[in-house]
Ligand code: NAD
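Quick setup: one chain, the form predicted alone, written in structure tokens, and binding and motion questions come after.
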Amino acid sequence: MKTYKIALIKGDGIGPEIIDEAVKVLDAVASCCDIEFSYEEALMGGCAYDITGDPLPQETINISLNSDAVLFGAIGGEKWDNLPREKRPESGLLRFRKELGVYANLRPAVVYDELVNASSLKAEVVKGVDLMVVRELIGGIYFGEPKGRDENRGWNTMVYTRDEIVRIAHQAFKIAMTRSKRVCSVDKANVLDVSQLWRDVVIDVSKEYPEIELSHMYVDNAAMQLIRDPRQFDVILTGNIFGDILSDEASMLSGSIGLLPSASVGAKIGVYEPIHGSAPDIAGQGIANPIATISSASMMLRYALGEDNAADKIDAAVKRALKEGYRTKDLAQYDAKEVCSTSEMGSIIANYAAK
């Protein structure tokens, strides 16, 4: 029996609730897949600041790097918004990604048939959508130097090196090989020199993947096309700031951010987390949707641990729960047979996954 060491970072707000449900499902699927998990909890976010004075204690970095994967909930909340920027939970998260070297953010956007009417777009536009945004995560304008501000000006620098583009491009092409073998690289090469380098390097890397159909799109057009015809996309490859915006746009195709997972992967470790925030306004009420976190655990099994069978069981269990009409409060108006609490939804999915 294989044993995997998983770092659990529950974080703030609804983070502990949704992580507990993902662990419940992982333990259920482990029972029928001849695997087991050893969990170690670590602090990050506002809760870490309250205890240690640092939103990212060094111990959390050490625990994460000594694990096979990290399962992460959510951080932040108004309680910590007035702290100095370097002490805010979000600053800890940016530093965490940099310390772990997780350079690729994988954000699937899937529209479940049972929830096609939950999207704000017409059903005929979103039905069958299944795409993946591959976003470069630790370069670009969020990290480029120089940056700063004075009384009259603020400035940030968008910088990418060839090596940074090469590694994220390989990630996108490898994922596309497991899907429909199409990559759309999104940039702003008609205006930005850094985007022209991006496009040139992506073309160079694509030569190693002759089976992949590569296309290019300017970011403003990509934003429009995601709404006009999202089914045209399979894998979207893009930089940090463009990916930040486009992946959030793509997430709303499904109708609820409570449904969609994400992964941040690098050479050493991967961090798996729901795309939504900590939602402190509903924390402790038992109404948060745990599906995004449960699906993040599925991505962890697939991309970090190579346990595709276990991942398939979780994915099938999520689909079955939705097909049979189980909904959390955020989806209650969409053909709900039964409205479930956070814990009840986790238990239903765990039960299905164990079969």
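Note that the coordinates shown come from a computational prediction; the quantities given were computed from them, not determined experimentally. The numbering used is simple: start at 1 and walk along the sequence shown.
Below, we refer to the form predicted together with the ligand, which is not included among the displayed structures.
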{"property": "Stretch in contact in the predicted complex with the ligand, which is absent here, among 71-79, 124-132, 205-213, 242-250 (heavy atoms within 4.5 Å)", "result": "71-79"}
{"property": "Contact assignment for the ligand in the predicted complex, among Ile294, Ala310, Leu56, Ala288, heavy atom within 4.5 Å", "result": "Ala288"}
{"property": "Heavy atom within 4.5 Å of the ligand in the predicted complex - the one residue of Ala223, Ile282, Leu197, Met177 that qualifies", "result": "Ile282"}
{"property": "Gly258, Ser278 and Asp330 each touching the ligand in the predicted complex (heavy atom, 4.5 Å)", "result": "yes"}
{"property": "Contact of Val219 with the ligand in the predicted complex (heavy atom, 4.5 Å)", "result": "no"}
{"property": "Distance check, Leu93 to the ligand in the predicted complex, heavy atom within 4.5 Å", "result": "yes"}
{"property": "Ile14, heavy atom within 4.5 angstroms of the ligand in the predicted complex", "result": "yes"}
{"property": "Distance check, Glu273 to the ligand in the predicted complex, heavy atom within 4.5 Å", "result": "yes"}
